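In the structure tokens that follow, a single protein chain appears in two forms: structure 1, then structure 2.
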Structure 1
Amino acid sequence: MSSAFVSLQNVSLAYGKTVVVPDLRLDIRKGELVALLGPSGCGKTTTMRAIAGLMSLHAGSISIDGVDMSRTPANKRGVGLVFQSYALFPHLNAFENVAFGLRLKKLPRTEIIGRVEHGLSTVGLSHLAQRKPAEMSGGQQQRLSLARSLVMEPKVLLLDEPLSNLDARLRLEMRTELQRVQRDTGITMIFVTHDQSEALALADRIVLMKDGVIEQLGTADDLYNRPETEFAADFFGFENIFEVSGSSIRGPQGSVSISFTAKAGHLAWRPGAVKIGSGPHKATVRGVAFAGEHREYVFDTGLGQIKASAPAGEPAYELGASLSFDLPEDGALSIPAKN
């Protein structure tokens, strides 16, 4: 395993007297694609701004390729930025948008032409070199913004919610495009997102953040299948979380017995793991929604509300219907008690 290419050591970030990231330690390897994931206000964008040099450190240090960048201006860090809003020049065509930063560096004309042509080719936009942003789709504009950053040959590429302005189909296309570009160029990428599916699809590793702290760090498989805390479990779809109390589990409205032994802590089930139609527990349907391949339910139970889902091909339960259900052991996630 290679040593850290981007290293954040005891980084503290604040807005005025309000500390939003208290003590962050994170190492990212060269050529790695890492997602900073979490809800609004968790500190992910603030962390990215600090890496970019757009925000001063309250404490700690940030190094890139072995060089301490803590006091280095943003334009000297060798970091590229792709913004959510694209930030393209509307009066310039695609070629000139990509060439803009290179012209500021006063590079030779032939080098500028070569880099721009290669950059547009990398993102599949060579045939649109003469079009202005308004004449391009959202996905094409996003790729143009990506090319503009890549031609500057940054050591690290930072992407701030890069796909959030695109519709569902274009988001899928751009995920594939980002993976291809990252694989072809080998560039180190860090992207910020609140979308778990985006992070799961793209990232080599995911940094799940909460209140400025890393809640869990690992691969997509780690976080999706083996979340280690209540917050991580809920974020990755284990929406039914209950405290273990002896041979029972306890929810907001009461407790029910379970048919297997569980250690102290919490047990959690995804909606799809709830067995509907048979079992020792009773429920009343309080919500139902058709979601294509499955139906989503909200049940009132002795534990409180439970979320469940079932394939759309199975008979549907109507609002107010009474039914039996079970929380099976083979669908349960065990979350250890906090020390």
Structure 2
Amino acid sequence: MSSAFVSLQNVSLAYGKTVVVPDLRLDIRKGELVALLGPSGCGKTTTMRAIAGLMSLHAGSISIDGVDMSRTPANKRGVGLVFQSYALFPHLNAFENVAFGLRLKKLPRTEIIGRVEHGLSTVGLSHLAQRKPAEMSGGQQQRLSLARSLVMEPKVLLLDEPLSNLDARLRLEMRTELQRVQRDTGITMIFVTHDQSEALALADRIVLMKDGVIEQLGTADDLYNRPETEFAADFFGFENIFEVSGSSIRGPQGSVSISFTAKAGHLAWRPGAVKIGSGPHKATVRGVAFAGEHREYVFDTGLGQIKASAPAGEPAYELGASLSFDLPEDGALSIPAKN
């Protein structure tokens, strides 16, 4: 593909004899912000390390900006990586941390100073240039690590779980920061996360991975509203998934008929799409939890357990109560059978 800036062709990755990623193809355009999303062990971090050159390829090739990088050592790839742990150098202060790579390039002193100062001001750390990493907060360390990579002007910037070590408030701040940096620099960014909300909020495109295989690739809208596999549906909140058989759906405990025609495959509903209080099916409340704006329920039904939620303003059902419910066509996601 000619528009691909970072291109992984038939990449296979293994630790010893354990193959983690069997055969991956992925093209990323210049200036894109892509999320590698998936549960732990899905191969997302391994893939990122392979792009950085920290992990050698078992098979396949990786090219960046049209150049085959498959055999290029990590220190010659021009790829930046912001580590989950930040990996700052504890013996160097903020300025020296950022200058580290520039000094290795043997740039003139004045240029180094200029670029470091610019880098520190980009992430708002100019006033802390003399501090050691241990004397900085988690959020400051994160931004320092980002600045250290940015001043190298990498072709691609990789970020490993960039928000996971931050508390909720800093997370929002950092997210905004990343978007701004990306807009200002136009740098191609690939970040790894296990948190769907981070991926949805930040990424232009999301690569959902499972067991080393790309499950679905698309925009946030695609993945959130139109997941194509059971795994993707479950990952993005369609927690009630049932197999379609004729005019009924089948759960672990049994089948119930549905009032509309569905294609072969699966049907899935978000908890909020389950209609509570009326309908053809009977349920017993197995669990109930108050979650602010909503009440979350677990029902025992003829299908098995299902999850439902209702606005907190509506009357609450107590544990053990019986009620009617419906799984309406409106809000049902159809996942066509494979083949």
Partner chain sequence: MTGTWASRLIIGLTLTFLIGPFFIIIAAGLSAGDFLAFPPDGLSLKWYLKVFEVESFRESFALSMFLAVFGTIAALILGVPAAYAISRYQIPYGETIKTIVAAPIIVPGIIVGLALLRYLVVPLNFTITLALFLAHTALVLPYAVRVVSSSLNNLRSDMEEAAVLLGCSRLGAFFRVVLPNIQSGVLAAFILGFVTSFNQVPVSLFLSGPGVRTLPIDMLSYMEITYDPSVAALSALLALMSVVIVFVAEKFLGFSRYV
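Think of the rigid core as the biggest set of C-alphas that the two forms share within 1.5 Å after superposition. Only a predicted model underlies this, so the values are computations on that prediction, with no experimental measurement involved. Reference numbering: structure 1, starting with residue 1.
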Checklist entry - Two forms of the same chain here; which is the form predicted together with the partner chain? => result 2
Checklist entry - Using the core for the fit, does the CA position of residue 90 change by 2 Å or more between structure 1 and structure 2? => result yes
